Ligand code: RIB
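Single chain ahead, written as structure tokens, the form predicted on its own.
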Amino acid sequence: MSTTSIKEVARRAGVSVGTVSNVLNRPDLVAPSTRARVLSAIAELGYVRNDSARQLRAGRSNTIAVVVLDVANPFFTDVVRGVELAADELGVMVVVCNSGEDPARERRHLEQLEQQRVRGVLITPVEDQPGSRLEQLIRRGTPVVLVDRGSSPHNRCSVAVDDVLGGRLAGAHLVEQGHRRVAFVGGPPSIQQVADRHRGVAGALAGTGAELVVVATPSLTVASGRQAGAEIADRPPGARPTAVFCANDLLALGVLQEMTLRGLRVPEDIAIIGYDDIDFAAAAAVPLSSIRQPREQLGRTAAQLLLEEVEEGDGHRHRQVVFQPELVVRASTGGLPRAPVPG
């Protein structure tokens, strides 16, 4: 299929290429009758402007990127929805990239985004060490905002939830329910959110006489949750944790599935609490207790900070915004009665 050029539009309308450009970019400079002729020619020929070429000539695009750990996780779906709401208000396009918790894949995404001259990047990073590809991106002038992750360097903004507090809320709730052997399920520990949530639950159990058993997982997925659930269920009853705190709701759903398959009752035999409070948590066969994060608000706030930095340039003051998590108690920890089984 051939592509109509701006020269063809100019010939059809009987004007110069410069006049067509003015109609597209500065219509107030063109007489109404001439503008009408050009717009008519555009419609007749089916001309589509090449915004990518124009943006590259200008040195930046009209696109921001979101790099998430797992595009299949509903938590990130809600975060991206918040980003899009903020971007739509300013006519900015959003591109979503999935790192899949893979540092090499994350680096490739960042390289490609820099080549495309995106206006800025929102990212939940897999790796964020000195000399990382993310640091290189920032040093070379691309604005970056960390999402669902705090920032110790002050050369970027961040929007996060106090995950240490979230872990403490989960641990305190389980101790109050009388549990004295609690499993923490999550990993890899290199992900800062996992480390912070572990630190929080460990702090809540310290000094209470309760034991914390760590069950590491290779990822934050339902499949990893089922594997962790199998490891917990295979322990002798006297050594088996009576409660499980998972680093996210997908892991908690996996643990719940495995316990159900093994014939273990939730919460009677084992209590489960997740993190994020995605919609599936409340809709599970046994509604899951969870630590709620303001998911859409995280995305919207991060996008607003990024677009402020794009507009303000060197005058921008970096900010670290931290939201407070909330404990939501449901049937999986005995907070509410189980739903009756039909029939």
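Residue indices: 1-based, along the sequence shown. What you see is a predicted model, and the numbers here were worked out from it, not measured in a lab.
This next part talks about the form predicted together with ligand RIB, which is not shown.
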Does residue 257 make contact with ligand RIB in the predicted bound form, using a 4.5 Å heavy atom cut-off?
no
Taking the shortest heavy atom distance, is residue 106 within 4.5 Å of ligand RIB in the predicted bound form?
no
State yes or no: in the predicted bound form, is some non-hydrogen atom of residue 184 no more than 4.5 angstroms from a non-hydrogen atom of ligand RIB?
no
Proximity of residue 224 to ligand RIB in the predicted bound form, heavy atoms at 4.5 Å:
no
Pick the stretch from 74 to 82, 225 to 233, 135 to 143, 176 to 184 whose residues have a heavy atom within 4.5 Å of ligand RIB in the predicted bound form.
74 to 82
Assert contact residue (ligand RIB, in the predicted bound form, non-hydrogen atom within 4.5 Å, options 193, 99, 217, 158) equals 193
With the partner absent here, would 148, 197 and 275 each sit within 4.5 Å of ligand RIB in the predicted bound form, counting heavy atoms only?
yes
Counting only non-hydrogen atoms and a 4.5 Å cut-off, give the residues of 114 to 135 close to ligand RIB in the predicted bound form.
124
